[in-house]
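Let's start with one chain on its own, the form predicted alone, as structure tokens.
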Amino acid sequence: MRAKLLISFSLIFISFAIFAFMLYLAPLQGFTDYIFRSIFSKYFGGIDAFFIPYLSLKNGQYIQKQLKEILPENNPPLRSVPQVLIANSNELMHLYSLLKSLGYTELNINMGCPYPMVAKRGRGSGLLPFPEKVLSILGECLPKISMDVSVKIRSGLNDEAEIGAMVKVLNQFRLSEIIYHPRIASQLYKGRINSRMFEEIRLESENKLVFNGDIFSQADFRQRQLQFPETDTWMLGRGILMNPFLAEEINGQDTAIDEKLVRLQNFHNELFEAYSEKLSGPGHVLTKMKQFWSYFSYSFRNQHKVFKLIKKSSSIEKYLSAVKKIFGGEW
């Protein structure tokens, strides 16, 4: 009898170990800034680490508006990981020195940003076709960096074949992890992710692989978890903007619809007030909030009508009236 009990407990432990996981919030430029991260962490749970949208240099100088993003007081009291966008060793060492002076113990190198303005300057996904350049940068810098370094990548700039050579380069270094979004950069966020590529790279990589891409629901997560049972860390991006409760739901937390509505409204109101204080003029605030509603609207049953109502708002007063109707169910 005792032996049977021990076997049962062992099976339970093994099952839990297989499905234990961590969730990251992706660094979504223009959305998950320090205001969003701080207020989000106040109202919603389930996220184990917040990745800070990328820092970069312009003409060898820090970009002042980005510095607010990395100030420790501007980030949630949870694990926050700064991301850097670099074209060469010099830029990486400059940004590393800044982050170290602020007390950070880890950084993430962005080699996946798909936007052409970034890639054509040899940053983000613009590094993916040049494994020898990445080898040179990491070979020169990593021995001088006394913190954990991770990398975020895509399958390539224009061709999935690029990922194979890049993984061989990355295998030469001890990275804390590789966050892999299995799309090529030229897709941006269109089309399907290539799950087969994720499995291939997972088998080839000597560094831990984190899955990133197209997890929009609890069902999406469970499907990927069954597909890749060896993967224990997952990055959520647009799915969190569409449903701020997503990480909680993935963690098994069930919230009543009425409570969700109240929390979502309070979250929106605090976000609106914070941006109203930060941004210059009502036009800027209105544009910012409309961008958020392109995702927030998915939290409502009739997403199309909700977003249409927001888009039609031509002033802050009309915007607030539309928001009141949406949360009041009058629309």
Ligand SMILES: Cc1cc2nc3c(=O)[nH]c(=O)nc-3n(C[C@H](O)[C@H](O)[C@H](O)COP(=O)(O)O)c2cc1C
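Remember, predicted model here, so these are calculated numbers, not experimental data. Residue numbers run from 1 along the displayed sequence.
Here the subject shifts to the form predicted in complex with the named molecule, a form of this protein not shown in this document.
J.: Under a 4.5 angstroms heavy atom criterion, identify the one residue in 141, 163, 235, 81 near the named molecule in the predicted bound form.
T.: Contact residue from the list: 235.
J.: By the heavy atom within 4.5 Å rule, which residue out of 28, 49, 279, 67 makes contact with the named molecule in the predicted bound form?
T.: The residue from 28, 49, 279, 67 that makes the contact is 28.
J.: Among the candidate stretches 258 to 266, 299 to 307, 29 to 37, 286 to 294, which one is within 4.5 Å of the named molecule in the predicted bound form when only heavy atoms are counted?
T.: Checking each option against the 4.5 Å cut-off leaves 29 to 37.
J.: Does any heavy atom of residue 214 come within 4.5 Å of a heavy atom of the named molecule in the predicted bound form?
T.: Yes, residue 214 is a contact residue.
J.: Quick one: does residue 275 come within 4.5 Å of the named molecule in the predicted bound form, counting heavy atoms only?
T.: Outside the cut-off, so no.
J.: Is residue 54 close to the named molecule in the predicted bound form, meaning a heavy atom pair under 4.5 Å apart or at it?
T.: Yes, residue 54 sits close enough to the named molecule in the predicted bound form that at least one of its heavy atoms falls within 4.5 Å.
J.: In the predicted bound form, does residue 110 have a heavy atom within 4.5 Å of the named molecule?
T.: Yes, residue 110 lies within 4.5 Å of the named molecule in the predicted bound form.
J.: What residues, if any, in 179 to 212 have a non-hydrogen atom within 4.5 angstroms of the named molecule in the predicted bound form?
T.: Residues within 4.5 Å: 181, 189, 212.
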